[in-house]
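Coming up, as structure tokens: structure 1 and structure 2, two forms of one and the same protein chain.
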Structure 1
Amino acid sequence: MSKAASARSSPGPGAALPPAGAGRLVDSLTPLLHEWLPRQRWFAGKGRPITGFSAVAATELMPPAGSGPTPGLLHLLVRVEQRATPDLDAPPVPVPPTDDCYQLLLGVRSALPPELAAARIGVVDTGPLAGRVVYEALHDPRLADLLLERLRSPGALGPLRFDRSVEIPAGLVPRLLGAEQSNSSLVYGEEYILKILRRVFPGANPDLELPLALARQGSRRVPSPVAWFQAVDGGAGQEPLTLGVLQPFLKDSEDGWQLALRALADGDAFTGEARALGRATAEVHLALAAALPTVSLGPRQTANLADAMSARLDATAQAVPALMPYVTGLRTAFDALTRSGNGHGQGAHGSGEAAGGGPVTRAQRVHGDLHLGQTLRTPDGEWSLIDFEGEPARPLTERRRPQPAVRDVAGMLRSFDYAARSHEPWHPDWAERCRSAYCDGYGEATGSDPREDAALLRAYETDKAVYEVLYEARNRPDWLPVPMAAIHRLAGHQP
């Protein structure tokens, strides 16, 4: 971030509220947030009652007007406390209490025009905004425009710091992308896309950190960030929270998921694209390994990896009882990681022996949640990777740890299976051929086929399918049969 324009005081109105004011504001919004927040797709704490809201920071990007049509824009960082309670319809499970921090951008008006009706959160009862309507600001072009203005002129505003690495043109017309996301994104003038992170954490967010590192490396496989904003004043030595990243918008690109479904519908093989995707993934991995530290995982760390996968399996089976009959079969994939002589450790990403014997696995920074929906093919036929946030449900420290690169390969292999399974009739051969072509392409670019790391690949594929079971149970219960079919296969049950 050192090359970025440095923070200096920012033009225009706006100010941070003092802690007491921020607290009063969030208290007055609490009844509305209770009702609205759990309904948002990006709210990660679904299925558990909210026990409280508290203010981390509140900043007026545009102070609410006393009256008249001018909208105010409030930037809130809100801590959401949730009790440890049973999850879904499952028997009690040890889901620990959480207090996650969410980023909210709220518009404030005295009356909401009809075109913003869908963005309405509600009318505030008490406190400084009593009688005003608050709404999801990203739906309001005037407020989306204001956010871009902040990014165009780097500087500090209370706890918020806006940085940019290039000049950004003014007057780009904003549009909000569809709601099916873990975060929220605004496209400006079909030239840039601003991703607003919703659940935010102290520490460098890989969604900014990795594209910046790849840009330094000269990688053309990832759109490089041109501006970003953070909260820097988290108190008591807390690291900054990454809040948003602006990147070039890949106009007229299509994502790999849509293209794969279209190929299935048209009876096309998709193997050429799968091979190209394998090469693109490999190129990103090579660039990440060159840009950021890599480590070797010895037998003990590999055993820890297997234990963590096993623990996730147990916790998920508690939360989603349909997984229970498969636990023993699935665990064999994790147990195999701790045995030597099983093909693990022979490929490019797991090579050599530890001093005391046993395999050594190479680990590096990875994408962490790679699937077809995270790939974009531009009109010139090139593939890019996006969304380096990692699996949103995992802690940031875990997501930022170097990991075996086959983890991403496994994610993409799962995705070909997902695509085939979500098409009627099911085409298992289509998925098999794509999976194979993807590994071929990956091997061509790295000189080593990921299938050589058979045990590691199977373990990661199993771990990913377990993650997907929980993800679908929480977010899209209708999709649960898709990962469950893979669970059936990976556990060694008869078709």
Structure 2
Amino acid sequence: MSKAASARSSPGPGAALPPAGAGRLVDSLTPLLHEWLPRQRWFAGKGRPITGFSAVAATELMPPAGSGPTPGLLHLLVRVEQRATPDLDAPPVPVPPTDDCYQLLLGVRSALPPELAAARIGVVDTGPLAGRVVYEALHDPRLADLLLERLRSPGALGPLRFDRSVEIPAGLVPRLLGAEQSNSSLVYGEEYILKILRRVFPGANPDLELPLALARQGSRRVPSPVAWFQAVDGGAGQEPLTLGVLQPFLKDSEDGWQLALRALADGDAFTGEARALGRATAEVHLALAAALPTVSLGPRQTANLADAMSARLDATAQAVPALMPYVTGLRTAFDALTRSGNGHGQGAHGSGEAAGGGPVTRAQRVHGDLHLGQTLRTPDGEWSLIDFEGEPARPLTERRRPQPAVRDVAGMLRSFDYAARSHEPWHPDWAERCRSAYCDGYGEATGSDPREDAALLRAYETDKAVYEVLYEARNRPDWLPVPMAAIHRLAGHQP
């Protein structure tokens, strides 16, 4: 990029809109957002009527020009109100109303050039932007470059605060990644990747908190954040909202899911890669335990954990009748966990005894949503873990809670099953060998094989399979046989 182009993209005299102005702006955008927002893959409220929008904050990162080709860039935090609606095709399950906050980055132009037609949201009818076109700003390289310039220049702009840990070069060409789910990602010059979080919550997001903690420990298994931005509310007691994280882009790396599928297609065992991935997972767990506080779960806490899993099983069986015949067999996994917590079964490895008797399980910060798609292998064969946001559907407080590390192990074991089931013909023996190799590698790094605590591992794998049943039934019914095969196994082949 030329110096002139870089200068045009440098941060201008942006400003935060006062509450009244932010409210008028969001009101004028409401008809367009009603139509556009539910179509976005990262919108979590699909299937529920939107009852209203309200402005949390609005900031002009680049004030919209009155006329001419210069685009404006608006940063919005919008609260989306939705009422609960019963699912007429399923047994009644309580669905609480939602009141979620979303981050929007909108471009503003008097006319949209043809290359940005796919990003179009619509023409505003009323209010301060009347007659102008608004569009998804991340599709516009000019505005994406402006966002990086803000990260290169730490400081505050209204409620937004930009921070960085290292110098970031200028002139990196941006491109928007197409594979979006609960967030959006921009790659800059094949050197950095910026994740834009869409559904945002007060409090430290694990996708920033945990990689920063791992960087302090010198871990090389997770790309270290180089810059980030947050929204800071001036009200007393309000925690910041994490909005975006810039990290090194692992160029030419391949994600574990695609590697596993290719291995299946080529007839490769993949056990060496699975073993190395187990070691990488264990190294991340060890670093997290050293960087952040750990807690001990005694018999009562273990029983509460099993009770929560059992409650999720009951709720899912009500929503997905195909699960109902297996409930009794699946519940034995949670009953066994309760017994182990009371000292009547296999104890948690690496733990001691509670004061009142019974084993103690150590809980720590974990990835929270670990599967093959959350891993990358670099060209030199090193594995990295990415996307520490956890399961986005779960509350942030739950995602930040210390949990037994075996939860991540169970998630990866389920992922090997998914890969094997995605290939025709199905190769359950391939999955079993990879599962075993993964646990071998994990045990080599920690000195404690996760299979030693059979009750805890089985309970977490069962809970994960139940979660998968609900997800697939709601979102990808064609995939429902994949977790149902695991349900059949975990329930002891109960018909």
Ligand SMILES: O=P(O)(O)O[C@H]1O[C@H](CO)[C@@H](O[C@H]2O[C@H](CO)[C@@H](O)[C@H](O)[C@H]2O)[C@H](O)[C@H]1O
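Quick caveat, the model's predicted, so the values are computed rather than measured. Residue 1 is the first residue of structure 1, and the numbers go on in sequence order from there. We call the rigid core the largest set of C-alpha positions that still match within 1.5 Å between the two forms.
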{"item": "Chain form predicted together with this ligand, by structure number", "value": "1"}
{"item": "Yes/no, Glu382 Cα shift of 2 Å or more between the two structures with rigid core fixed", "value": "no"}
{"item": "Rigid core superposed: Ala290 CA moves 2 Å or more between the two structures", "value": "no"}
{"item": "Core superposition between the two structures, C-alpha change of Gln318 at least 2 Å", "value": "yes"}
{"item": "Displacement in Å of the C-alpha of Ala473 between the two structures, rigid core kept as reference", "value": "3.4"}
